[in-house]
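To begin, one chain is listed below as structure tokens, in the form predicted alone.
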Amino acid sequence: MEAINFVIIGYGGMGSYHANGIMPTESERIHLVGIYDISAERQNVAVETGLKSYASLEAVLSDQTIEAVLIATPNDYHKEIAIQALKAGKQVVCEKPVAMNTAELDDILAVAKSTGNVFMVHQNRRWDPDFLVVRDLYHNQKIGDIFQIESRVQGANGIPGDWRHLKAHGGGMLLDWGVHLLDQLLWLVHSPIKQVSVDFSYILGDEVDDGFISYFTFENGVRAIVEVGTTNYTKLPRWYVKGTNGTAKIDDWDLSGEIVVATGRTDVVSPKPIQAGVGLTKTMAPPSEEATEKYPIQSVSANFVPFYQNFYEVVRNGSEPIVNNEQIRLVLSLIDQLFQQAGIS
């Protein structure tokens, strides 16, 4: 097995995470040779860990021993670096969001097609344990036919870092976290979207969004809410999913939460009215114990290989990419649509 020699371009948070947290798990397939970063401090950190530090992007691209690069720079540099790398004969992995808009992605894909080199986007949240549970519920109808999906990530730390506050660099939460949640949603629900709306938040006073709430209706009847917030001092569940025979609530990435499923028994006692504030309600009374069963959230194994293993198989054996560029284009096109709908150019 001949490993693919890699260089990471951009050795910040995500670049170093690939180097130290992801690539080592595929050491038989992926060999990280070095990095290129404009920061001398990051260069020194890389050298201290045994990596080679390249003096320039040109030095990386002219190194014939390097077969592939990972682009982990701020978003507005992705297109330029990707095109240069592809033209230099490199296979390319790019961090999300792949580009600032669909037009930029189309320029990249045109070069990838003309060179015949592999270009893949690291949409790593397809492997998240919580998403795998929802995917299993959806495809195997474990709570019946799912008709509503609520997907949220919320925190109270504001927009992280420095460049993510700036529009010129592609900052903001739609491009930072929204791209993950929309990728999960479109990979899950294989149906065209017939209606969409969005409300952006600018509570923190930045020139980019610090959160958003978006609503989607698919042609197959599924409705979805996708929300990202950075001013939430207490959080709503990561997932809230409704099916015709039950409801799933996943509180966080640790899979806390529960699944409640109707038993279908016909011999259950009808709900009795309960005190609700200063009134009574039967509609909102809890079902009898015999009417439902509760289950903890159980982890689900992915039925597809990890990202870098797939990348290796695509490069070496011509396998199909798990994250294909047609899917990536749909996500970016939807992001364009959300910005346009809000009058953001």
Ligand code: NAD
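None of the values given here were measured: they were computed from a predicted structure. Note that residue numbering begins at 1 and tracks the sequence as displayed.
Keep in mind that the form predicted together with this ligand is not shown, yet the notes after this line are about it.
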| item | value |
| --- | --- |
| This ligand contact in the predicted complex: D251, any heavy atom under 4.5 Å | no |
| Contact of D176 with this ligand in the predicted complex (heavy atom, 4.5 Å) | yes |
| Proximity of Y36 to this ligand in the predicted complex, heavy atoms at 4.5 Å | yes |
| Exercise: D136 in contact with this ligand in the predicted complex, heavy atom 4.5 Å | no |
| Candidate stretches 111 to 119, 151 to 159, 192 to 200, 73 to 81, one within 4.5 Å of this ligand in the predicted complex by heavy atom | 73 to 81 |
| Sole residue of K242, K142, R126, R164 within 4.5 Å of this ligand in the predicted complex, by heavy atom | R164 |
| This ligand in the predicted complex - contacting residues of 1 to 28, heavy atom within 4.5 Å | I9, G10, Y11, G12, G13, M14, G15 |
